[in-house]
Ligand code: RUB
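Quick heads-up: it's one chain on its own, the form predicted on its own, in structure tokens.
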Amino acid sequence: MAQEVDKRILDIAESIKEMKIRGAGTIARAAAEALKIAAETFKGKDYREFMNYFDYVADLILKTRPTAVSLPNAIRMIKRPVYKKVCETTDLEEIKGTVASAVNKFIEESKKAINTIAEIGSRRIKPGNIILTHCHSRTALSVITTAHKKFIKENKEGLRVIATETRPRFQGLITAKSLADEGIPVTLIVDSAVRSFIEEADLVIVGADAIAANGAIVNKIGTSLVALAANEARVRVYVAAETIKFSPETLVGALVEIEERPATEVVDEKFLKKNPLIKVRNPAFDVTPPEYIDLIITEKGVFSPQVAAIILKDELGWSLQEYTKCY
């Protein structure tokens, strides 16, 4: 590769891989920013060289987190107008300008989607509700905090939240602190205590890293156990997710790849060396069947999991088409 990759791009890739940048939406926006940096820092003069570099950076980012579907969807959404522009002109500055415009549009719409979901989802919550949540989803938290602020402003009873620790990375601690900073009382519990506390909850609200065509939800490991306990206790489960979380490949039968993280996130290296017969498995995500989910809240509205395929075809079906390459 003639063009040296800008350090900021490498830092973004490493931060996504090491979960310093976390949350599917945040990951997608960071990936988009990396493509914009690639366009801004490209030093060559030939548009073909630029497109090869652009594709290289896109592939570099894509390899960081295989399960977060918002990542490839974001890159697809940016690639599409760029590839179209290359078929219309060979002017490098125009092509680079299209990258910047596509990235800015994606980031703006991504942030707007969260605000819209927060407003739509907050209407499904009642004053005084106790919400159980798992992991750290900016979208899910936006729904909860929007509802709480609305009730407080109307002099109604605010919300309370039960948050899981979410092992082994303890993202639930981030969730608990974020909610507490908003003035929402939080009870932090270990993951294995969910069944003991589920009957105290009025609702479960979680995010999603991917949504399959059959309505199944791929989210942080432990989500399926939360949903199972909620189903048994007759507690409704809501999933708050932008439409970029829907996985187009599942329309044609592909499975969402489940990322497996290093064993050292669970136990230290010394333990592994002392106990060579112990194998540690650390999947980062699990799959919650659609029958355990009551509603999916998106910026396009509220849907049952059974209509996921329709949303996919309407919103992202185009992404299965091959890009026309003019270089």
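In this text, residue numbers run from 1 along the sequence as written. Keep in mind that what you see is a predicted model, and the values were worked out from it rather than measured.
A second form of this protein, the form predicted together with ribulose-1,5-diphosphate (RUB), is not displayed here; the remarks below concern that form.
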Heavy atom within 4.5 Å of ribulose-1,5-diphosphate (RUB) in the predicted complex - the one residue of 145, 171, 98, 178 that qualifies: 171
4.5 Å heavy atom contact, residue 137 and ribulose-1,5-diphosphate (RUB) in the predicted complex: yes
Partner contact for residue 74 in the predicted complex: ribulose-1,5-diphosphate (RUB), 4.5 angstroms, heavy atom: no
Contact of residue 219 with ribulose-1,5-diphosphate (RUB) in the predicted complex (heavy atom, 4.5 Å): yes
Touches ribulose-1,5-diphosphate (RUB) in the predicted complex: residue 305 (any heavy atom, 4.5 Å): no
Candidate stretches 128 to 136, 153 to 161, 83 to 91, 195 to 203, one within 4.5 Å of ribulose-1,5-diphosphate (RUB) in the predicted complex by heavy atom: 128 to 136
Heavy atom within 4.5 Å of ribulose-1,5-diphosphate (RUB) in the predicted complex - qualifying residues of 204 to 222: 207, 208, 209, 219, 220
